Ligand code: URA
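Quick heads-up: it's one chain on its own, the form predicted on its own, in structure tokens.
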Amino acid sequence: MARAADVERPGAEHWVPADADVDALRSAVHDCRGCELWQPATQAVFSDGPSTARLLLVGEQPGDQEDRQGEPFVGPAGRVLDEALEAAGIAHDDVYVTNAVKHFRFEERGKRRLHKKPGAVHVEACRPWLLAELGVVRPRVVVCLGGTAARGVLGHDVKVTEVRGTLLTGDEAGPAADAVVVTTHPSAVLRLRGKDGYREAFDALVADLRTAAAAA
């Protein structure tokens, strides 16, 4: 493995082991210095779920709880996702879940660590991990939870509102997956809880998950 001082530009490719299975990737990710986010984060957060899954979900990045516990989607947004999967008739244990960016980007405000959206440079730097996961798992359908996840999977920006819920295949799905469904991130639904529009947003997420599951 290359040392951080040997890296001429950001990018996890220097730390992604070749021909590795998911367990080997999960072990190696903790040494990654592909961008600066490893420094303030508690740890890298990799994935959860079977490496034989037909349905693979990609989120944005770990949140505060995920960073502390080392598991993806264990915080409040993860509970929304679990509820949506259940409503869609999808068993959580049958789904592989990961993030486009493996370290938590945040800003400190007092004792709190507030989410800060990863930049394009972070998504690109971390993309080799995601591509390696996709290459090992080889899911039938990838669900991108939000625009950051879509950039990581597709390799370019998309407007979630324009493509959400549509089964993208062929050139539209990009080189990393056979079929892709883009939808909103559960955190966006969570922000509406207790407000007008929550039920509609939740039902739309469930509908998109059903579209993906039917194709998987």
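As the structure is a prediction and not an experimental result, all values here were calculated from the model. Residue indices: 1-based, along the sequence shown.
The discussion below concerns the form predicted in complex with uracil, not included here.
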Practice task
Scan 54, 185, 151, 164 and let me know which has any heavy atom within 4.5 Å of uracil in the predicted complex.
Solution key: 185
Problem - Interface stretch in the predicted complex with uracil - options 134-142, 70-78, 88-96, 106-114, non-hydrogen atom within 4.5 Å - result: 70-78
Problem - Heavy atom of residue 47 within 4.5 Å of uracil in the predicted complex - result: no
Exercise for the section: Any residue of 193-214 with a heavy atom within 4.5 Å of uracil in the predicted complex counts; write them all down in order. Expected result: none
